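The chain below stands alone and is given as structure tokens, in the form predicted alone.
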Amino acid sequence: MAQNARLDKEYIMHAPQRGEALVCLTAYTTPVAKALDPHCDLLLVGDSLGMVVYGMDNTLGVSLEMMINHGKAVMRGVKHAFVVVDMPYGSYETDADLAVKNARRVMDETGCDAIKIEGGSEMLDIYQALADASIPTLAHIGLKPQSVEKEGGYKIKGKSDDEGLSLLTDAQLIEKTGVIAIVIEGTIESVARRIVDGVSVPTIGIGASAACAGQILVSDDMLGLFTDHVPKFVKQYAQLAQNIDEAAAAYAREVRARDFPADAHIYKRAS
């Protein structure tokens, strides 16, 4: 597909058949979306914004309104990538009708291409309701950040044979509901690879397996902006927090020394 055309659902879903790896990152603002868009097949407006943008301890305090506002911001900066918006905690998991209502609101108000929800086979009725309502949906299995309090922390999944088999079964059942892709997070590599081989829809890994059809990272982690905790699966391709610190320090020195603004940065009446 041409670089100047918006990628669609069919492009994402057929990635495994093409043998092409899907490049995926998170985005929360228009400027970052503009910068990432030429390089990414998929941009996720993740509820991780609760932590990396708002300084929350986890994603549980993120609201539907926050996701919609950031979804709108990202859509203003996108010309190429397929855009997915996370459904936040409390907006979908307890009632299928509520899930459809809120997901449709996100789609309508942001103009995004799909939504994402977390959950395995216990969420089959929600996945099916979204599919029946023709709402393109990504599933998220393995380590589920919205379950962090219930599970007592961020715990790697698939460590036992039973847990690995359960994850594979979940993925296969979820696929039958009509999801367009499955995100696998924080899962033992051999288990993630079995899931990749066991389903036909694209799998997108984050701390999973290189065999996945695509890979995603939180952009603030990848760029070295969010440094409170760097997970094992993150590779930092830049250290922007350090760059910002150095730039702010240089600015402060020049302001205090009255070297900024210089003549080049002020307006003068024409002579």
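Because the structure is predicted, anything quoted here is derived from the model rather than measured. One-based numbering along the sequence shown.
Missing here is the form predicted together with 3-methyl-2-oxobutanoic acid (KIV); even so, the following discussion is about that form.
- Note that among 32-40, 45-53, 223-231, 241-249, the stretch whose heavy atoms approach 3-methyl-2-oxobutanoic acid (KIV) to within 4.5 Å in the model of the complex is 45-53.
- Using a 4.5 Å cutoff between non-hydrogen atoms, V218 counts as a contact of 3-methyl-2-oxobutanoic acid (KIV) in the model of the complex.
- Contact between T26 and 3-methyl-2-oxobutanoic acid (KIV) in the model of the complex is found at the 4.5 Å heavy atom cutoff.
- Using a 4.5 angstroms threshold between heavy atoms, I206 counts as touching 3-methyl-2-oxobutanoic acid (KIV) in the model of the complex.
- Among heavy atoms of K116, some come within 4.5 Å of 3-methyl-2-oxobutanoic acid (KIV) in the model of the complex.
- The single contact residue among V183, I126, V179, A81, judged by any heavy atom lying within 4.5 Å of 3-methyl-2-oxobutanoic acid (KIV) in the model of the complex, is V183.
- Annotation for 140-169: the only interface residue with 3-methyl-2-oxobutanoic acid (KIV) in the model of the complex is H140 [heavy atom within 4.5 Å].
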